[in-house]
Every structure is written in structure tokens, then in C-alpha cells.
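Only one chain comes next, encoded as C-alpha cells, the form predicted on its own.
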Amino acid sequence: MSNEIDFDELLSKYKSDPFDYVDVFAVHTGRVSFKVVEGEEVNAASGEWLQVPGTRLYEINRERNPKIIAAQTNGTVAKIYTEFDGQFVEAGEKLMTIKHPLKKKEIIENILKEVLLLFPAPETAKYFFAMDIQSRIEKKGARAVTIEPGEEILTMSLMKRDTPVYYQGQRGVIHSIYFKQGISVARGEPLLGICAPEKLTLIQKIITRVKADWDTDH
């Protein structure tokens, strides 16, 4: 992480290809009917209350119960697996890929995810900060909160049962929070990005550098 050359390489990667490629999967088993074509622009739900629905990507029909799946991200349909159109697919089958143009803020987050220590969700569940951590965040802000190995940092709420989650990893500050309290997070997705205290200045340098180098208007 202290190797500046690696960071230069990361930055040039995003400069040459400033996109995320978001795969879209079948939400459950059923017969698929595509509603978009390759190259089409798609939009996520928008409006203050997300009252404007996202672009319809596909319909999946199981036992005569059709369900429309809308885009969760803005971008262009880069690839559609047209062989599945009109076919019965299993849950989790990859149906298409959306090419999402990254904003400067997202590029910073993506680079940070590669340099921070990520603490992943142990199970698909809802997460809340442990009371002690929550009160420290409220008093000082997350980046002033240092957590130690073995410390109880989160509560995992699954099937109406709450289980404490203990931090496994090296001592560090909570630099980034990737979850919203009470919203379900998939197993393996990052919950927190932890930064060793001595690396905070390097992280700040990365953020400043991206902001200065990035010549887009985003």
C-alpha cells in the first residue's frame, strides 16, 4: 500500500477505462424475456423518493407470475446473453452486463477499496453498529474511531436473532462505511474499510491526487 508505483498503475487503469461493469443476474428461476438491447442506455430509479422507476431490463415468469426487473445503475447495456431470451433459467444465471460510467467520487471509493482493509459481511443479514461504536462515531465521527482486534463492532440481525460481530484484523480507524444500518447486505460484501493509523496520510494523498488528476467534470 505504501508503494506509489502501484497507485500510479491503479490511476492509469481508471483513466483508460473509467467504468464499472455491473453484471445482472436472474433473481429466481423462471422464463426470461429481455426488455432492452445491447448499446441501450439504462437508468436506475430516480426522484427524491425513487418514484421514477428504473429502466425495465427483463421480465422473469415463474408459474404464470411475471416479475419485471429494473436497472439498479445508470449506464449502457454492454452485453446481453440473448441465448436466454424466452428460455427457462436458474436463479443466479448471468443475463447481461451494464457499463456504468464512474464519477470521480466512485473512482476514489474504488481505489480506496483496493488499499483499505475491507471487513466483509459474514452472512447475508442486516447490520447495526455496536452501541459503544455508535456513540463514539456520533461524538467524534467515524474517522476518529480506532478499533482493535477482537472488539465487538457490529450487531448482525438475521432471522430475528441478533448476534455480535467481532473485528478480526489489524488495528485501524473506520475510514469508510459501506452499509446502511438496517438494510440487508449480501454475504462477502464489504461493511467497513479500515485504515491503519500510520497510513491515513497516504490515503489522504490518494484522494487529493485523484481529485487533482481527474479531468472530468464529475
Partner chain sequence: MVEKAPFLSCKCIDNMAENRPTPEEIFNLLQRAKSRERSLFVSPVDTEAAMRYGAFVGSVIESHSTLPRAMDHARHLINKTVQAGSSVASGTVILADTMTRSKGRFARAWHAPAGGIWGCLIHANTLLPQSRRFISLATGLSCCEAVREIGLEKALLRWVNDVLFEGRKLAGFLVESFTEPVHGEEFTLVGFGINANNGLFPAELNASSISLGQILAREIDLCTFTALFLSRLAWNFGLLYHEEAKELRGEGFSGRGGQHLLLERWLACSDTVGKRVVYGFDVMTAPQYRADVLGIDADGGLILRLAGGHEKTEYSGEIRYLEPPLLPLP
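Source: prediction; values computed, not measured. Numbering follows the first chain given and starts at 1.
Although it is not shown, the form predicted together with the partner chain is what the next lines describe.
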item	value
Residue 128, heavy atom within 4.5 angstroms of the partner chain in the model of the complex	yes
Contact test in the model of the complex: residue 173 vs the partner chain, heavy atoms, 4.5 Å	no
In the model of the complex, residue 161 touching the partner chain (heavy atom, 4.5 Å)	yes
Residue contact check: residue 33 to the partner chain in the model of the complex, 4.5 Å heavy atom	no
In the model of the complex, the residue from 150, 188, 182, 66 that sits within 4.5 Å of the partner chain by heavy atoms	182
Per-stretch contact check against the partner chain in the model of the complex, the hit in 163 to 171, 34 to 42, 188 to 196, 55 to 63 (non-hydrogen atom, 4.5 angstroms)	163 to 171
Residues within 4.5 Å of the partner chain in the model of the complex, restricted to 93 to 116 and counted by heavy atom	none
CA-CA separation of residue 159 and residue 90, closer or farther in the model of the complex than in the form shown [shift of 3 angstroms or more]	farther
